[in-house]
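Just the one chain here, the form predicted on its own, laid out as structure tokens.
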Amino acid sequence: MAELHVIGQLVGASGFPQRRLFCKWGLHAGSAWKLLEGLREGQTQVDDPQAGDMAYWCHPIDVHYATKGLQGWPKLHLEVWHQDSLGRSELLGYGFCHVPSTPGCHALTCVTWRPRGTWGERLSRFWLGGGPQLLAPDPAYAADRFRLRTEAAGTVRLQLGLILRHFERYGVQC
């Protein structure tokens, strides 16, 4: 079986309206992919930047997959959250990016978005916090997301190193 090692980190996020950010992440792959080692999902710590708007997490990602086909190449799903001084959490953005398909070191920037909501929901978000969220996050990463009314949030930076093994046995040149 061909193998894929993903080793890297969620560096941090910037461009969000609030400080005290953390990120929930998950790696999702098709049915032909088997997770051999590592965590499929996780959460970073909360960072409150003292200078600038970049929240640094430096949260490690280390997974090892095996596969017999290329369909369902892994994707990284992200949710960026804000934690206020009372410990309440508010969703600030959804995002996803495909894990690169070439070996080596990669610096990725993942743009995020959030549901826009109605005028009343936006007014409530401004005064009370919170805001609309997806009931199930699956549409956030689907191709038919065009039906959702969204607005841009911030960006998440990642550094990933990829090692591919035995892909040439399946006719894939690395």
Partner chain sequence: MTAGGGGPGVFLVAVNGQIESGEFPGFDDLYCKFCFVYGQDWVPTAGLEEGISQITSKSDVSPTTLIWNFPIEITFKSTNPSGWPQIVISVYGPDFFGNDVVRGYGAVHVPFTPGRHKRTIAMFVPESTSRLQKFTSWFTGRRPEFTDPKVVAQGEGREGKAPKAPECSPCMAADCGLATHFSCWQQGSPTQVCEEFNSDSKSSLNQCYSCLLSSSNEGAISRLCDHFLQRSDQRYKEAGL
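Numbering follows the first chain given and starts at 1. Please read these numbers as outputs of a predicted model, since none were measured by experiment.
In what follows, reference is made to the form predicted in complex with the partner chain, a form of this protein that is not presented.
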| item | value |
| --- | --- |
| The partner chain contact in the predicted complex: Q9, any heavy atom under 4.5 Å | yes |
| Contact flag, H28 vs the partner chain in the predicted complex, heavy atom cut 4.5 Å | no |
| Distance check, H64 to the partner chain in the predicted complex, heavy atom within 4.5 Å | yes |
| Partner contacts in the predicted complex for 45-81 (non-hydrogen atom within 4.5 angstroms of the partner chain) | Q45, D47, D48, Y56, W57, C58, H59, P60, I61, D62, H64 |
